[in-house]
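Next up is one chain by itself, shown in structure tokens, the form predicted on its own.
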């Protein structure tokens, strides 16, 4: 089934796809030849749809590959999930106004940069973020691939869905350590999934929460395995950019750009971005990823 969705005038599909590494972590997959983003979209009642997305004539083309026809309700859910993932309805007008005031950031609105790709669910974002902590990106890819192929639903060929909280909660810690290779993260992923399954934690509500950012940050931090780095970056995927979410890679890029490689304290980096107020985390991300936008396929 094929249909199209309107896009905002300042939206760039490819800039959003390559806004960070999620696009190469399954169930996301980038088809570089056809310039499409493929993903498995879950809906209520555990229905799964393999969707292929690309931009054409300033509209988003949606191909639902394993369904000839969607019910009205299913199409609504798929459309909502796609809009959520690509941040189609999130206004960045205020951010672009700030960016245009600084010569260093005038490229941002021209490229349609700033929208950060996110998963269909907060759960998937949080699990993936935990899988980026204290390890190489290569190990993150191994863990996420194992989660999908061993605990996800098989869709077609080599395509699997991301596992549900129930699927992870039903496993043992030794299984997660051995089969998923998630090491010390195993009890954290298990507890997170079990709390959601037991309805002790409702993280999907975070995307629509009207709580003050600091309060939401503390709630995110309360999840075991989520430190300041992970919480700051999870907040960015919730549309809150008040925290920098620094890790060794971001620090290294900052040193390279602003201090000629000399290491500085995190407080110095915080001070540098403080003038950007609630957008400071996004301005940091624009700095450290600017060279990505100069390549068709940055990774």
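Positions refer to the first chain, counted from 1. Quantities reported herein were computed from a predicted structural model and do not represent experimental measurements.
The same protein also exists as the form predicted together with the DNA; that form is not shown, yet it is the one meant from here on.
Three-residue candidate spot 135, 183 and 223; every residue lies within 4.5 angstroms of the DNA in the model of the complex by at least one non-hydrogen atom.
Partner contacts here mean any heavy atom within 4.5 Å of the DNA in the model of the complex, and among 244-252, 51-59, 35-43, 269-277 they occur only in 244-252.
Residue 177 belongs to the set of residues with a heavy atom inside 4.5 Å of the DNA in the model of the complex.
Remark: residue 123 does not count among the residues lining the DNA in the model of the complex, judged by a heavy atom distance of 4.5 Å or less. Not displayed here, the DNA is kept clear of residue 90 by more than 4.5 Å at the level of heavy atoms in the model of the complex. The closest non-hydrogen atom of residue 228 lies within 4.5 Å of the DNA in the model of the complex. Residue in contact with the DNA in the model of the complex (any heavy atom within 4.5 Å), chosen from 153, 142, 170, 73: 142. Listed residues 188, 206, 217, 105 were compared with the DNA in the model of the complex; 188 is the one with a heavy atom within 4.5 Å.
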